[in-house]
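In the form predicted alone, a lone chain appears below as structure tokens.
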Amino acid sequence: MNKVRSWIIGILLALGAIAVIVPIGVLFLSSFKTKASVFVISLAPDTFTIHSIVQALTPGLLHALLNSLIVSTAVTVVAMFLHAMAGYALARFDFPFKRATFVVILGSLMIPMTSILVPLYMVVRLMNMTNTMAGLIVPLLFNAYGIFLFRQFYFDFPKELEEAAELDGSGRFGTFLRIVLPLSRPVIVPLTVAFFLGTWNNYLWPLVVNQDKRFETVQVYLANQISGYNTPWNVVIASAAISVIPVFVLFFFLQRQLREGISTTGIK
């Protein structure tokens, strides 16, 4: 019975992997097609050409990739540090309205971005942050999901390590920086991937808050390439294929840490 169940699980996982890999493979293979054959259904192009990729590699795309890289990296790094501190405070400190604060933070998960888009834009505009890099970064720093995961992780974090550091003369903040934060890798790595990917793929907020070409992100750039019947779809597809490369690079370098983090958090 266990063998049959293992076979069924293996088949389902293989089908899921195929469902994920095939669209990505079609995307990259289509970037080597010509404009005339881009919509021809085939596993591989009749003739490989890099003409579409050469056309896609414009200064505009490279600048948009750089902007997205800056925004995604800044949001990931700063948000990770702030969320870790917030989660640690909620797990370790006692202060007035602690439970109410956590309920409000957790309740924000139920509010869709579209419902606060207009008031958020008004606040950012009053702070003179529209059409700036700060306007793209600061509103994306808060994420209740990250605070929640850090809080749950620190509940199970051994207090003995913190007490030993305090006996050695380390203050609370020093203990957090030198002991707690470096040992939080099991939750930091998955959140790093999630934050970076979510910010990289964000289209709605950069579209609303920015109308300056200098701060155009890659998702807005790709959307602006579509122009009705005259859309060069081979170039759009090649641009989309190029835009996912940084995400693949991130997964490549963090895959072992991601796997170790998942296995570590599964051990109680």
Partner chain sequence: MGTSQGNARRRRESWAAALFIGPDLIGLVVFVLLPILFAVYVSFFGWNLISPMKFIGLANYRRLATDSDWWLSMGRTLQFAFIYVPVLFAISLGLAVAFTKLTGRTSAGLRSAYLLPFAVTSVIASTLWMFLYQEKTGYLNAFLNLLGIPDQPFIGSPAQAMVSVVVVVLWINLGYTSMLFFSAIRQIPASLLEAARLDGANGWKTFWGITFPLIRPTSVFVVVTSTIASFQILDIILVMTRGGPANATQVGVLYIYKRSFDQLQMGYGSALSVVMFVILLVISLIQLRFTRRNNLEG
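Remember, predicted model here, so these are calculated numbers, not experimental data. Residue numbers count along the first chain shown, from 1.
Heads up, the form predicted in complex with the partner chain isn't pictured, but that's what we're talking about next.
- A heavy atom within 4.5 Å of the partner chain in the predicted complex is found for one listed residue only; from Leu149, Ile105, Leu181, Ala165, this is Ile105.
- Though the partner chain is absent from this view, in the predicted complex it lies within 4.5 Å of a heavy atom of just one residue from Val189, Ala89, Ala74, Met133, which is Ala89.
- Interface membership of Leu161, defined by any non-hydrogen atom within 4.5 Å of the partner chain in the predicted complex, is ruled out.
- Within this chain, Asp156 is remote from the site of the partner chain in the predicted complex, having no heavy atom within 4.5 Å.
- The closest non-hydrogen atom of Leu61 lies beyond 4.5 Å of the partner chain in the predicted complex.
- In the predicted complex, the partner chain sits beyond 4.5 Å of every heavy atom of Asn210.
- Contacts to the partner chain in the predicted complex (heavy atom within 4.5 Å) from stretch 97-123: Thr101, Val104, Ile105, Ser108, Met110, Ile111, Pro112, Thr114, Ser115, Ile116, Leu117, Val118, Pro119, Leu120, Tyr121, Met122, Val123.
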